[in-house]
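One chain is shown next in structure tokens, namely the form predicted on its own.
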Amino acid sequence: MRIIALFNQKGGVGKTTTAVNLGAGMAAVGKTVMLLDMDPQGNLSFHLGIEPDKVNHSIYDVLVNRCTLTDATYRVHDKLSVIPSTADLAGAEVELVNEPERELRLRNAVLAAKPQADFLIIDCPPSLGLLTLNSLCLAKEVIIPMQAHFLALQGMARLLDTCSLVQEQLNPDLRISGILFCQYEQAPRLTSEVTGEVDQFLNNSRGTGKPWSEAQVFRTQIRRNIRLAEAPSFNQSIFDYAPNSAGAADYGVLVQDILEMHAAT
């Protein structure tokens, strides 16, 4: 099972949209996918039609040992399931602060459940707190969705430092597999400057042993597309809501990129 975390401490960069549509795209090509919503806002869960007031068990209950991962899993269709989040998750960091191995709660729960899936995709919260730490301790791969803005480059340094610390101290298998540019606009000059700087940074990191030393910038960029913004209100992935849109085309290419990446390793 490939365990991929969508991680960026900045909000609004496309983490949840990517988690949903990457999962749906993988399911569409026959892969079995579990989506894990680690954000207390619960946007991924809502995107796929799981309403908080109808959730009996969520990832919060898993983390505080009130249920198993299996009990908190909701099936969307044959190939796609979700472990949802509710607002209760916001209190988990406080409740777990004095617990032993608090940063390993999620990993231990997944190891105990032994889920049968090809992919487990984690939608991390926009923070560097305990929920994100639990996600990174479980993940084997990190994909960083980001916008091609100057401020995104500044935030990237802190994000990479976090991954490096987790790899050194808690999860030696963690690696950053790719940078994904979202809400992409080809015209602005700044876009090419930022993407160029990221490319150069990654090329200079080859062979350093850092978690990002083998990372790549994905060949596809997720273009700014109104259909992607509309899809959550219909509780559908982009492939169901607007299969002929630019958003569906972009995420379809991303699915193939990630499958090919695995085949090459």
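Being a predicted model, the structure only gives us computed values, none of them experimental. Start at 1 and count along the sequence shown; that's the residue number.
The discussion below concerns the form predicted together with a small molecule, not included here.
Asks: Whether R66 contacts the small molecule in the predicted complex should be assessed with a 4.5 Å heavy atom distance threshold; does it?
Replies: No, R66 is distant from the partner.
Asks: With a 4.5 Å heavy atom cut-off, would you call Q183 a contact of the small molecule in the predicted complex?
Replies: Q183: yes, in contact with the small molecule in the predicted complex.
Asks: If you check in the predicted complex, is Q236 within 4.5 Å of the small molecule, heavy atoms only?
Replies: Result no; Q236 lies far from the small molecule in the predicted complex.
Asks: Considering only heavy atoms, tell me if M34 and the small molecule come within 4.5 Å of each other in the predicted complex.
Replies: Residue-level check for M34: no, no contact with the small molecule.
Asks: Just to confirm the contact call: exactly one of 200 to 208, 26 to 34, 49 to 57, 225 to 233 touches the small molecule in the predicted complex at a 4.5 Å heavy atom cutoff, so which is it?
Replies: It is the stretch 225 to 233.
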